[in-house]
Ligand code: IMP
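Take a look at this one chain, the form predicted alone, written out in structure tokens.
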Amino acid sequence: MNSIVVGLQWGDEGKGKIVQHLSKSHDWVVRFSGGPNAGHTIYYNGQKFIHHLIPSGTKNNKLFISRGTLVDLEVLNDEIKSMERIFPEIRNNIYISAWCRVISPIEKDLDIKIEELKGSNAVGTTKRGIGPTVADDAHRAGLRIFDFFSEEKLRRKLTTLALISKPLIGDVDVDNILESLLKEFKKIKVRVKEASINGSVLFEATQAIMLDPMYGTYPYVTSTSCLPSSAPYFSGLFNKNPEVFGVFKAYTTRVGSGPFPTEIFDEESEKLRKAGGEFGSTTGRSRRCGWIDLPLLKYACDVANVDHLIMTKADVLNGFDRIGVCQEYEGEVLPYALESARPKVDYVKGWKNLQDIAFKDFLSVIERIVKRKVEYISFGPKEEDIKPI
């Protein structure tokens, strides 16, 4: 059976751990979207590792970075080197599509400058060059890995990018950028091949449904699709038909700007942030925290056509006297108009542990609103800290 793991909120739901858990029953793990703006924290034999580009599998999986992924060559090489120290076998099991878009220093500088120019309207990007790289690709001026097989072609494309970006960031040293990019490319060149995939596939999504540019809280979204329905297109694997595992936290967090109807600002927010370790794995930024938003969760489940629900970080709420739950809004729920949304937050009794009847009641409320059963509960940072219910 083929599967896909997607986030159902604004990211940081703990998808990496779920991918690691499910990878044991799959032959391949395939990354199909996003770029180094993603960060999946995994523990391998007690060692903490943050994935930015390599799928979150194990030494027994073959790992494919497919064509929908944006690649920063330096980040990728550093990640491969670090992962080889944990799993030496992994060096022979990583494949990279020649169609992947490549982030250059030009796009990173553009990302910083564009956010600066937006001022109070900035969306809070990770400054990793994601948006400008997607834009350059839409202009048919972006870099793909297959461009690197011809130094002359690569130089021409970099020169074009330099001219396009000059009004915003000024002159750039094309020769220096070319040299540094080719140096990094040579390290991964042997891995560049379209994988001949046999066996079961686990697709690893990045970011989350509410950050999708077409279905999320635009313009406060990412630049690549987060929906499971986009996995075949961006991976090139059209005949896999994966079942969808949707991951959500027992509460809600968000990084960067954008509407957050159930956000809390009092001492409970800080308690939640500290208890959940809510700091970005990619940026280190403090995450905004709030109560679970069930109308938005149902919207995400419906858009993603979720087959299986997985709740993470339920244990973080252990010991809270009361837990906030948004069961409905006053009026229609429109992802692009959440600034004016009026959520109705009620409070349910807190719980001491996950065996408490109050926690089971909390699950019942979720299942009633989203019209799906929560099938797994994840607690703690380790891969084995997950159980069916």
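Remember, predicted model here, so these are calculated numbers, not experimental data. Heads up: residue numbers just count along the shown sequence, starting at 1.
Keep in mind that the form predicted together with the ligand is missing from the display, and what follows is about it.
The shortest heavy atom separation between residue 38 and the ligand in the predicted complex is within 4.5 Å. For residue 276, no non-hydrogen atom is located within 4.5 Å of the ligand in the predicted complex, even though that partner is not displayed.
In the predicted complex, residue 11 approaches the ligand with a heavy atom inside 4.5 Å. In the predicted complex, the ligand sits within 4.5 Å of a heavy atom of residue 211. For the candidate spot formed by 124, 130 and 255, every residue has a non-hydrogen atom within 4.5 angstroms of the ligand in the predicted complex. For the options 221, 145, 297, 181, the one in contact with the ligand in the predicted complex, meaning a heavy atom within 4.5 Å, is 221. A single residue from the set 225, 262, 165, 207 has any heavy atom within 4.5 angstroms of the ligand in the predicted complex; that residue is 207. Stretch-level contact analysis of 357-365, 38-46, 330-338, 59-67 against the ligand in the predicted complex, using heavy atoms and a 4.5 Å limit, identifies 38-46.
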